[in-house]
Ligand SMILES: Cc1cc2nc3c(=O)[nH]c(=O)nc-3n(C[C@H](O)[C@H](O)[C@H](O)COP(=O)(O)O)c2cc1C
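Heads up, the chain below is alone and in the form predicted alone; it's given as C-alpha cells.
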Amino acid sequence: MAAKKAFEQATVGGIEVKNRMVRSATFEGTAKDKKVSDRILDMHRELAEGEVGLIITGYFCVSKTDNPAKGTVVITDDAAIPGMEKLAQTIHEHGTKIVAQLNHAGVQLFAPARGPVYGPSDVVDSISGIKPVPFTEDQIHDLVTEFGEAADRTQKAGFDGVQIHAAHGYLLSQFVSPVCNKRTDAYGGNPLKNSRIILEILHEIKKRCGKNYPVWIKLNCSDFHPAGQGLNPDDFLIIAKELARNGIDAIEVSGGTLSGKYLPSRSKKHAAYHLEHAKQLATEVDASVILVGGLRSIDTIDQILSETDIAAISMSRPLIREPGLVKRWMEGDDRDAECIACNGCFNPNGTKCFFTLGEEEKAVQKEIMKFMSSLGGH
C-alpha cells in the first residue's frame, strides 16, 4: 500500500481529481422553479475556488413518484439539462470535478406530500408518521428506468459521474433496511434481495451511459437502529462487496438515520466515526472507498489516507462554514475546521452556516436544532 496524501492528484472512483478532498452531498434547498439557481451556482463556485477536488451535489430528484421538498433540483425531464450544464461548466472552470447525487426521499419527507408516498413496504415511518404505499414490481422497474434516464441527463450536461444515495433513511436506504423492507418477492427478504433494486439501477446507468461512466454510491455502514434491527455492519459488507463485484466505482461510507441512535451528522465530540467500517471495506473491494463523518483535522485526514486503503475523504458541514477550508489547509494554515458541528446549517430557507444568519433566522433555526438534538447523534 503506497502512502497517499490529501493534496495530490489521484484517480478516485474512475475520476481524475486534483486532490483527495471531496465535498459530500449537501442539500442546498435553493433551487428556483425546480432547476439550478444562481444561489446554487454561487455555492458551488465558492467551493471550487476553495480548491475542493470534487463536489457531490445535493439531492437531485429523479422520479415522478417522489415528493421533494421546496428548493430541490428536479431532473425528471430534459428541461433540467441547461441549468445542470451551467453548473458543471462553473465547477470545471476551476479544475474541480462534479458528481450528481441521484435520490428519492421515499417516506422521509421534509414537506407535506403532494401525491402518494411510496416505500418498499407499508411500514409506518417513525419520524413522519406516514404509512407508505408499497411499490409494485412494475413500479420498481419504472423507478430503475427513471434513475437511468436521470444519469443520462447528467452525462449530457457534462457531469463527471453520478452518486446513488442509498443512505440516511431515504428510499434506497429503506429498501436495504430490514426494518422498512418486509417484502417477500425478489426485492426483499435478505441483504442481497433488499439491495437488488440498487444493483438494477447500477446496471441501468452503466447500460445507458457506458461502462466507463463513473457510478458512485453513498451507503450506510449501519443504521444504528436503537434496537439493532436496521441495516447492520455485516449486511453492509455483503451489499457493498456485491456492488463492487458489479462495477460500482466508489462507495462513500456513511451511517445513521433520523430514527437511529446516531444521526448522519453527529456532534463535535465524535470524530471520524465511520473510520473502522470504511477501513475494513477498503481492504475487501477494488472500488474506491471514501470516508465521511467527523473529519475536521488535516492531520487526521493525512494519517487516515497514509495508513489505510481509503482513497479519499469527504466533508459537508465544515465546508458550509468554510468553503475555502481546503485552500486554507493547502496554504499551510493547518488549524482545525471552524465548524462546531451544531447542525445549525440545515436551514429551510437554504443551507448556510448558523453563524451567518440574522437574528430572526437564528431564532427559527434554534428550534430546528432543538428538534435535531432530540433525535440523536450526541
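Quick note: we count residues from 1 along the sequence shown, nothing fancier. For clarity, every value in this text was computed on a predicted model and none was experimentally measured.
Below, we turn to the form predicted in complex with the ligand, even though it does not appear here.
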Quick one: find which of 63-71, 45-53, 325-333, 25-33 has residues within 4.5 Å of the ligand in the predicted complex by heavy atom distance.
25-33
Considering non-hydrogen atoms and a 4.5 Å limit, does the ligand approach Ile75 in the predicted complex?
no
Applying a 4.5 Å heavy atom distance criterion, does Cys345 contact the ligand in the predicted complex?
yes
Do Met315 and the ligand share at least one heavy atom pair within 4.5 Å in the predicted complex?
yes
Answer with yes or no whether Ala278 is in contact with the ligand in the predicted complex, where contact means some heavy atom within 4.5 Å.
no
When the ligand is placed as it is in the predicted complex, are Gly58, Pro264 and Tyr273 each within 4.5 Å of it, taking any non-hydrogen atom of the residue?
yes
Which residue, His168, Arg153, Arg196, Lys97, is the contact with the ligand in the predicted complex, using a 4.5 Å heavy atom cutoff?
His168
Which residue, Gln108, Gln101, Ser259, Asn181, is the contact with the ligand in the predicted complex, using a 4.5 Å heavy atom cutoff?
Gln101
